[in-house]
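Only one chain is included here, represented as structure tokens and corresponding to the form predicted alone.
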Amino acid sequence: MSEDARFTPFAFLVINLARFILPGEITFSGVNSSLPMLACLLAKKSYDFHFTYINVAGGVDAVPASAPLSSSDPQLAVGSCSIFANEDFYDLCCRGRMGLCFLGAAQVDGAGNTNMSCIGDPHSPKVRLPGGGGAAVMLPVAQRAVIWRTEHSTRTLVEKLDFTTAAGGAHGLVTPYAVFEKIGGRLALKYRNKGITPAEVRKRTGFTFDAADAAPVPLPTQRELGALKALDPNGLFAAGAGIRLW
């Protein structure tokens, strides 16, 4: 595979989110989640299996003409076989029918719990965050939840959360440099991006983790890269992703 076919941090994040999707399951991406939205649309184009994709705009297996910049854009309901309201997402989760939720967070701890509420002392925070939205419902009751972060650092991946917005723990975590998967109640390093060593991942991660089985990530397929290029032909998503390099 040629040098330019290898993962960029942006491609690593989107494609490895997509690789969590399983055949036959119901998958959800929420508000302010353009990269999980891309991952779900990429999976529809790249993988030879069916899954149901529900988005926060209400679309169910929608067929947008192009990927909108906002993950809440009404275009994500175009061609939908149904329209879901917010209470329908939560109902699916609480009934154990939601196979996979992609959720964002400001902080993630080693057990996969998340903070989207505040940074610093909750009674006098340095920063007030927008809150958890549906995460406090979805993280504990979805069959699986995968957290995504565009920054991989000790300030975002922490040993102790400043505030626990959503507990129950994530099945996985994807950053531009690493993929974690929960084993025995803790997030363990599964894959690392090319050129990144386990020691470098450990240096940039605030929580302790097992890296015994960590390996370089399988390189992207031509179908995955082609789908990502078709979804982001002008590089607008890549440029606006806010990925912070080490």
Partner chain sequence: MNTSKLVSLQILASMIKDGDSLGLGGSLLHRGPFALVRELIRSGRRHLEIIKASPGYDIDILCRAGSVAKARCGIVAMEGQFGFAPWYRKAVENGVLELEEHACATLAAGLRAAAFGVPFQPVAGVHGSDIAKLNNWACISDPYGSGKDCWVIPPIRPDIAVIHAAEATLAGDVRVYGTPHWDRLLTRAAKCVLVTTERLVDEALFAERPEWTLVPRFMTDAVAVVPRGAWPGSCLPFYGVDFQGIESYLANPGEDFLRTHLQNAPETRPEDASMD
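Numbering follows the first chain given and starts at 1. This structure is a prediction, so every number in the text was calculated from the model and none was measured.
There is also a form predicted together with its partner chain; it is not shown, and the following applies to it.
Novice: Can you say which of 175-183, 193-201, 45-53, 62-70 gets within 4.5 Å of its partner chain in the predicted complex, counting heavy atoms only?
Specialist: One stretch meets the cut-off, namely 62-70.
Novice: Considering non-hydrogen atoms and a 4.5 Å limit, does its partner chain approach residue 158 in the predicted complex?
Specialist: Answer no; every heavy atom of residue 158 is more than 4.5 Å from its partner chain in the predicted complex.
Novice: According to a 4.5 angstroms non-hydrogen atom cut-off, is residue 120 in contact with its partner chain in the predicted complex?
Specialist: Close contact is absent here: in the predicted complex, residue 120 is far from its partner chain, nothing within 4.5 Å, heavy atoms only.
Novice: Using a 4.5 Å heavy atom cut-off, state whether residue 143 contacts its partner chain in the predicted complex.
Specialist: No, residue 143 stays farther than 4.5 Å from its partner chain in the predicted complex.
Novice: Is the gap between residue 230 and its partner chain in the predicted complex 4.5 Å or less for some heavy atom pair?
Specialist: Judged by the heavy-atom cut-off of 4.5 Å, residue 230 is well away from its partner chain in the predicted complex.
Novice: Using heavy atoms and a 4.5 Å cut-off, decide whether 22, 102 and 243 all contact its partner chain in the predicted complex.
Specialist: Verified in the predicted complex; spot residues all out of contact, no.
Novice: Do any residues of 172-200 have a non-hydrogen atom within 4.5 angstroms of its partner chain in the predicted complex? If so, which ones, in sequence order?
Specialist: Counting only heavy atoms within 4.5 Å of its partner chain in the predicted complex, no residue of 172-200 makes contact.
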